[in-house]
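To begin, one chain is listed below as structure tokens, in the form predicted alone.
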């Protein structure tokens, strides 16, 4: 695995924990965190180098790559589903344009790239149990940008030999950083609401079942994929399915009540219900298990327990 790393979108939900993990594994000064925004007092700003970077600025990116002799980029900068639908032009420009900038830089300088995908690549024609290989016809702009990113990644690998890898993340649940405007944000927001007020008003129905994953599993999966020898990875390298645990909001509420028996939840579905309905209920991840030995560790109850420990400490 690389020893000189640059992370885009480092202040986001994934980036916050990925940078922490990378700096734990390597010299913190060799993990360069970047984001378009500067959040005062963020832990990342204190644990190692941080620079303001717009991923659409190829010259600025290349300058950092050369200055710090970067050999791997973790490209996390993106607009997520709910945010992206409100501004589709910006979503396209950042998610596709920014990815092209990163891939071109990788091509020029011989870099490895991690560029995550999402379950948003699936559309309503996908089976409820999403297979690795299936038609990708998403209904959201965000999903379409992620399909484009997977296709670009495969093209840059096959045509130019750029080592690009990615995971189709399920909804990610974490207490260390706020959710970033995605359709699955309810599965994060519900914990703070439960602790602070004992009630949560959910923007999807109680019977909505979606693939989810505790962030610790997602970070471990990311590092395990990036440490796998390239020759073990096949044509799904730019967007592997990985499964964590699938559950309905009602099942999540039941698990939370093990800690807070009086917790209540109401349901007022908004436009995000349509996005959720277009996605599969579960993920089939046989290929990830075979090619790089992926195995999740957190089920629903273990995840809920970890969230309560994290939020109450």
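Quantities reported herein were computed from a predicted structural model and do not represent experimental measurements. Numbering follows the first chain given and starts at 1.
What comes next is about the form predicted together with nicotinamide-adenine-dinucleotide (NAD), which is not displayed.
- Note on the partner interface in the predicted bound form: the residue among 77, 202, 162, 91 having a heavy atom within 4.5 angstroms of nicotinamide-adenine-dinucleotide (NAD) is 77.
- With the partner omitted here, the residue from 287, 60, 45, 36 that has a non-hydrogen atom within 4.5 angstroms of nicotinamide-adenine-dinucleotide (NAD) in the predicted bound form is 36.
- Remark: all three candidate residues (11, 55 and 118) come within 4.5 Å of nicotinamide-adenine-dinucleotide (NAD) in the predicted bound form, counting heavy atoms only.
- Across the options 260 to 268, 28 to 36, 246 to 254, 62 to 70, residues that bring heavy atoms within 4.5 Å of nicotinamide-adenine-dinucleotide (NAD) in the predicted bound form belong to 28 to 36.
- In the predicted bound form, residue 122 stays away from nicotinamide-adenine-dinucleotide (NAD), with no heavy atom inside 4.5 Å.
- At the 4.5 Å threshold, heavy atoms of residue 169 reach nicotinamide-adenine-dinucleotide (NAD) in the predicted bound form.
- By the criterion of a heavy atom within 4.5 Å, residue 180 is counted among the residues contacting nicotinamide-adenine-dinucleotide (NAD) in the predicted bound form.
- Although the partner is absent here, residue 241 lies well away from nicotinamide-adenine-dinucleotide (NAD) in the predicted bound form, with no heavy atom inside 4.5 Å.
- Contact residues in stretch 283 to 299 (any heavy atom within 4.5 Å of nicotinamide-adenine-dinucleotide (NAD), taken in the predicted bound form) are absent; none meets the cut-off.
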